[in-house]
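Shown here is one chain on its own, the form predicted alone, set out as C-alpha cells.
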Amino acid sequence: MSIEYNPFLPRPAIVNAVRDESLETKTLKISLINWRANFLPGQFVQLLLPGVGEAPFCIASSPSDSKHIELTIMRRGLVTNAAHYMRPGDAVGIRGPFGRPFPVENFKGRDLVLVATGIGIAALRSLILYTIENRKDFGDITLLYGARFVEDLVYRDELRGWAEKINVIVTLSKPSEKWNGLKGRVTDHLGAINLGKGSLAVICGSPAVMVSVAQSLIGKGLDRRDVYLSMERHMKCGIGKCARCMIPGGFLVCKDGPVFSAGEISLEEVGE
C-alpha cells in the first residue's frame, strides 16, 4: 500500500549551485533527494534552513525539471540572510509545492504581457521559461521589466537569451549616465505594447506598482479577469495559520493564491 505524502512535512534536498543575480539577490539551485517536485508556474515552496528557520519562496525554475528547484532570494531578514551564505552541498528541507498557480492552460493561444519590477521577476521566471519552452502554444509574448539601477536587474545574463524568443523591454527609473537603454518606470512604457484582442497580463512587483500597472492595462481595454497578479511577497508562514498575508476580501495569499486575477480582489485596497 502506497503512503500519500504529507506536503506539510519537509523533504530532504541539497544545494546544488549558488548564482549571484544582483548585489542583494542570489539564486539557489536545489537538488531534490529521491523525490520530484511536480509544480506549475506561480506556485511556491517553504525553504527550511536547519538551525535558522523557514520561509516561503516562489519557484523560479521551469516545471520541466522536476528534480531541481530554483529559488531567487533577496537578502531581507534572518532566513534570507542565511540563505545567502548557503554553499553547494549544504542540506536544506523543502515543503510543498503549495499555492494556486497561473492558469497556463487558459493562457494558450493568447498574447501575453508580463510586467515585473525588481525582485518581482522571480515570481514570473517559471512562467517565462514555461512559455519559451512551449513557444508555439502562445501568441505574442512581451516582458516589460523595470528596476531602479542597473545593479538591481535580476537575470541579466538570461534576458539576452529570452529576447531571442520573446519581446523583452527593460527600463531603469534611476539609470546612470552610462545606461543606453530605456529610462523611466514600467508604466511609462505600457503604451508601446500592442494589446490585441484576447490579450492577458501577468504582473508582479510592489503593491503600488501592481495596482498602477493593472489599472493602466484595464483602462486600455483588458478585462479585469484577464489581469493576473502574483501576491507572493505578502506571504509569511506559508500554511495559512498566521493570517498575516490576509488581503481585502478575506483571502489568505498562501492558501487562496498567490495568484489572483484583478476580477477577484480590490486593487485599490491592495495598493494601500
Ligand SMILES: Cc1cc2nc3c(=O)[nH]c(=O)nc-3n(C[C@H](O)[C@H](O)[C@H](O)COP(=O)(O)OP(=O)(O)OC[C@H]3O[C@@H](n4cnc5c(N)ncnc54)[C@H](O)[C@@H]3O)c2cc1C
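Each residue number is its position in the shown sequence, starting from 1. Nothing here was measured: the structure is a model prediction, and the numbers come from that model. Between two forms, the rigid core is the largest collection of C-alphas that superpose within 1.5 Å.
One more form of this protein should be noted, the form predicted together with the ligand, which is absent from this view; the next part is about it.
Contact annotation: residue 76 falls within 4.5 Å of the ligand in the predicted complex, judged by heavy atom distances.
Proximity of residue 122 to the ligand in the predicted complex falls within the 4.5 Å heavy atom cutoff. Using a 4.5 angstroms threshold between heavy atoms, residue 222 stays clear of the ligand in the predicted complex. Interface membership of residue 142, defined by any non-hydrogen atom within 4.5 Å of the ligand in the predicted complex, is ruled out. Residues within 4.5 angstroms of the ligand in the predicted complex, judged by any non-hydrogen atom, belong to 230-238 and to none of the other stretches in 230-238, 31-39, 211-219, 61-69. Residue 80 is the only one of 80, 199, 171, 187 with a heavy atom lying within 4.5 Å of the ligand in the predicted complex.
Taking the ligand as it sits in the predicted complex, the stretch 30-59 comes within 4.5 angstroms of it through a non-hydrogen atom at 44, 55, 56, 57, 58. Comparing the forms between this form and the one not shown on their rigid core, the Cα displacement of residue 68 stays under 2 Å. In a rigid-core overlay of the protein, residue 244 has its C-alpha displaced by at least 2 Å between this form and the one not shown. The pair residue 54 and residue 234 approaches in the predicted complex: their C-alpha atoms are at least 3 Å nearer to each other than in the form depicted.
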